[in-house]
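Given next, in structure tokens, is a single chain: the form predicted on its own.
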């Protein structure tokens, strides 16, 4: 590791993201790593190492790492952290930075595209609504504008009858 390649402001950028403030109080005890179920099955995934790299300013290594996308969001790390770091939330902040800088995995991009287009991951067609009607259930409406607002994108053109 070369110090000139480190970004000393990286940890502050993470802390400024929603959920990222916990990075300021981590002292690297590794309680999160010891209890992480993902790390138990994928030894290369180590929450303490991810936070340490972020604290050291290894911006590109952290944001480009496929490991940051492996967290199962079970919050087990948060239950054992003596500092209340809330690693899952810190990692979400890191993933948000990574996504904005083009490091999101294809599955995350496709998920966002589907949410933006349909307002859900699975398209609801007449077939599904007919089956729902047979079961006495109300039809499901697609309201992509809700997610378009959350994702910060302009409303997309809807097919005739969509969202009605």
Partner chain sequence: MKALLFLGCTVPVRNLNYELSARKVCQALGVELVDDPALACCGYPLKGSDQGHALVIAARALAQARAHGLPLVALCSACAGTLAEAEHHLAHDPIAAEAVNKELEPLGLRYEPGVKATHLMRFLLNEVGVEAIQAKMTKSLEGFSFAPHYGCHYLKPSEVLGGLEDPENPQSLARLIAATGAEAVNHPRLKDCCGGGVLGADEELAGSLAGAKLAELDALGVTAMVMVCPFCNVMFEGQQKAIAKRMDTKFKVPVVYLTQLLGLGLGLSPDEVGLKLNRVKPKELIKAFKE
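Predicted, not measured: the structure shown is a model, and the values here were computed from it. Whichever C-alpha set is largest while still superposing within 1.5 Å between the two forms counts as the rigid core. Numbering follows the first chain given and starts at 1.
Beyond what is shown, the protein has a form predicted together with the partner chain; the following relates to that form.
- Could you check which residue among 34, 55, 99, 29 gets a heavy atom within 4.5 Å of the partner chain in the model of the complex? Selected option: 99.
- Message: Whether residue 83 contacts the partner chain in the model of the complex should be assessed with a 4.5 Å heavy atom distance threshold; does it?
- Response: The answer is no: residue 83 has no heavy atom within 4.5 Å of the partner chain.
- Going by a heavy atom distance of 4.5 Å, is residue 64 a contact of the partner chain in the model of the complex? Although the partner chain is absent here, residue 64 would stay clear of it in the model of the complex, with no heavy atoms inside 4.5 Å.
- Query: Would residue 143 sit within 4.5 Å of the partner chain in the model of the complex, counting heavy atoms only?
  - Reply: Contact with the partner chain, yes.
- Message: Is residue 151 near the partner chain? Define near as a heavy atom within 4.5 Å, in the model of the complex.
- Response: Because a heavy atom of residue 151 falls inside 4.5 Å of the partner chain in the model of the complex, the answer is yes.
- Stretch 1 to 27 - residues with a heavy atom within 4.5 Å of the partner chain in the model of the complex: Contacting residue: only 18.
- Rigid core fit then residue 24 CA moved by 2 Å or more between the shown form and the other one: Result for residue 24: no, shift under 2 Å.
- Against the rigid core, is the Cα displacement of residue 145 between the shown form and the other one at least 2 Å? Yes.
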